[in-house]
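Coming up, as structure tokens: structure 1 and structure 2, two forms of one and the same protein chain.
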Structure 1
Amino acid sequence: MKSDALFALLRRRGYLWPSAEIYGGAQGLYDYGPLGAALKRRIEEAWAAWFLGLSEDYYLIEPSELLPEAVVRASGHLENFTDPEILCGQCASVFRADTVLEKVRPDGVDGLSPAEIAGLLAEAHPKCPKCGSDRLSVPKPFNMMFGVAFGAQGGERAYLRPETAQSSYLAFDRMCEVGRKALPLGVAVIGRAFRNEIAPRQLLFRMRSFTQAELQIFFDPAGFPVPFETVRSVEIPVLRADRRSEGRSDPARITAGALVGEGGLPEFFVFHLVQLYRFLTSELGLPAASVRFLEKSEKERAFYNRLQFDVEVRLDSLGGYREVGAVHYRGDYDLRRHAEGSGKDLSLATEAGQRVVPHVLEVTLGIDRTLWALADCGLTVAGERTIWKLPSFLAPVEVGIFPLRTKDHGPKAREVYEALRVEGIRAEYDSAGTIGKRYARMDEAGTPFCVTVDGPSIVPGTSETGTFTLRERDSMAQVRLALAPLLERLRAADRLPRPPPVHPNRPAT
């Protein structure tokens, strides 16, 4: 489906729509409706179950979205969190440099200095993408943080966090106090980040308010033990930087072992690439053939990142691979900067008795982008059916409950509905229209199961009394079940994914 058609479907079904829609919308802001909010929350819960399941020393916190100025000064965002902005002297439109240079440099301008971008402009003399004039300005840095006056006194500033990561770094010291004071220690945040994008576009892919799920793992650079043998033979699709520099754009499937052996990557890094890959493919159900890791070259990646692998999904709606998350080895940059900025010693005593500033491994996922990728890859038109192949544990509605005829079967269907709701099953009662139409509505919303209450369910004294027809979305298989086995079936399908227990961090207890 093309992007417009997909968005139209999601809007019609109440998954999402532009914020302040009755006012004509607000660029780069979207509201999630009932189904979208439910799906989004399930993705977040699945993420938490999976990544916090990697260790008992990984924790989820919920920090404030506002950061005092001292924090973003120390982190470097006040100075460096900029995009090159170009102004048209004719129509006064503002563009990102990569938009203006799209034709001469389709891969974007990440990693280029302002001087290099100015050079490209001088060479290519692009026209204004909007009015066609040649009166484009030289690029100047535009800070993408939203700043606010903080407090009544005036003068004090705070910023909406441009990434959730900073909140985890700020929490490191307190989390050490609260916990075992031992490494590795993981601090995760699922929450909003805010960026004043020069040109929001591609729907959920460049928003001004968006949700990230980020795990920051603090570890002793002398060693980050992981159970690497459990993943050594797993193949993941990787496009290394050297391969890219040769002009290749197809990923190669390489085993985790080879990425460490011939590839020269650290075990802890590859271990987490595999976990992210498994989460997206085996668990969320994104097609393995559409997912790839892209290594950023030294020039492209943020200067503090020692390694940066983006994870991308190939999307029909957006015409190619799009980044949904990443794994970053950030070194000691973050804690060192905040130790300097705050004057607080953020080093920790290691088992060897030395003090060390922990290094950080960051595993990050864009929740909105993942939701869009699930819609793009999952919504399929098969004949007259439009089906969203969502895994059960993600489905906003896990089961639709239908009385065949409202008058005769409504009361019993209501009973089934209430019995399932009490058990925490996400059930929806629907008696409107033909059974076919009700199936179609559920198919489109991603509901994996439908239960129909019909004559045999309520006629007493037969082998089918008190049984109901369960229909499975993908296979369309139907089976008659009584309430108890029905509940068990739904419960089993609804379990959040968890990685095999690894407990890499703790001594055996």
Structure 2
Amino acid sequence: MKSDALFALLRRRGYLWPSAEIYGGAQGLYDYGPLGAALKRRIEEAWAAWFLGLSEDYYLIEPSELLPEAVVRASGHLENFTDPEILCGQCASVFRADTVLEKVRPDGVDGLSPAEIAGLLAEAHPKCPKCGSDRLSVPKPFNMMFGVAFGAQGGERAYLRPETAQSSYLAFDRMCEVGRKALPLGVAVIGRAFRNEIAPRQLLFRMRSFTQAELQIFFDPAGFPVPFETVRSVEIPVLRADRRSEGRSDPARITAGALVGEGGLPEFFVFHLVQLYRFLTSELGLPAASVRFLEKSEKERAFYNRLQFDVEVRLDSLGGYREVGAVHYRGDYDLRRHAEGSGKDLSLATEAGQRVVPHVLEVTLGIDRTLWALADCGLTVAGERTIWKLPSFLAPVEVGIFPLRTKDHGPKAREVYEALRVEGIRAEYDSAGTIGKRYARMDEAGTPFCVTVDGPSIVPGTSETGTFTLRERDSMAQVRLALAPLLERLRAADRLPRPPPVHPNRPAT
């Protein structure tokens, strides 16, 4: 399904639409409707359950979205948070360099200097996407942060945070007290980030306001113990930088053990690659064949990263692989910069009695991008049916409740609906149209179960409840169940994923 058709379906079903739609929309900004907001929240809850579940010393915080100028100066964002622009000398339009050069350099232009980008323009002679002119040039890098006036007189400067990670670094000193000064210590943030994109495009993949879920794990550089034996034999699809340099774009399935042994990667890094892969495929249900890890070379990766593996999903709607998250080994760059900028000692005493500045492992996921990937990979057309195969724990509506005939069966259907709601099961009552049309609406919205209330559901002459038809979305199989086993079946399906902990029952220090 192409991106326009997929977006039209999501808009029609009330998942999302352009912000300020009655004014023609706002580029790079989208609103989530009832189903979209519910699905987005469920993805966030699933991510928190999985990654905070790795350790009892991983915590979720909710920090401010505004950062004082001193923070972004210390972090390097004032000088380094830029994107290369390309300017059309004919129509004066400005474009992202990777957009104009994507056919020449499909892997992007990360790590290239303005001079190198100018060289690619001179060699490839691409046309302006807007007017068709070949008068394209490279102006100075564009800083993507949103600055705001701060204070009653507007004399101070602040910025909307361009990433959620900085909030975790600012909270590190306080969180050491919460975490009993014990390492590893994880600080997670799920929230909005803001970037003044040069040319927002690809819908939820290039937005000016978006949601990130990021876990920053602070650890002793002398060692980060993980239960690596539990993942040693797990294969994950990886496209290493040397393979890319040979012109290969297909990932190789490599065991975690081989990535550490022959591949030379740290165990803690590979362990978290496996955790992210398992979360996306086994739990969220993205097709394993469509997911890969792409290693960024030293020249391509962010200046603060020692290792950077992006996780990408192959999306038909966007014509290829697109990044949805990453695992970064950031070293001690962030804490050292903030220690220098604030004058605060951010080192910790280790069990060996030495003081160290903790290193950081970052596991990050774009929530909006993941939602789009779930729609792209999960929405299928089978004959006249459009089905979104969402896992039950993600589905905005877990079960649809249908009276066969509203007059005769509506009151009992309402009773069942209320019974499910009391149990915390996400239900929706629907009596409009034929049963077939109601099934179709629920299939398209990703609802995994439907319950029909009909004649056998009502015991004549009593207020007792009989049995109901439970219909399963993917197989369309139907079974008759009484209310108690029906509730049990639905409760069992609605579970958030939780991994075995990395540090089970670690004693307090």
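Counting starts at 1 with the first residue of structure 1 and goes up one by one along its sequence. Quick caveat, the model's predicted, so the values are computed rather than measured. Rigid core (definition): largest C-alpha set, two forms, superposition within 1.5 Å.
- Structure 1, rather than structure 2, originates from the form predicted together with a further copy of the same chain.
- Core-superposed comparison between the two structures: the Cα of residue 100 travels 2 Å or more.
- In a rigid-core overlay of the protein, residue 176 has its C-alpha displaced by under 2 Å between the two structures.
- After superposing the rigid core, the C-alpha of residue 347 moves by less than 2 Å between the two structures.
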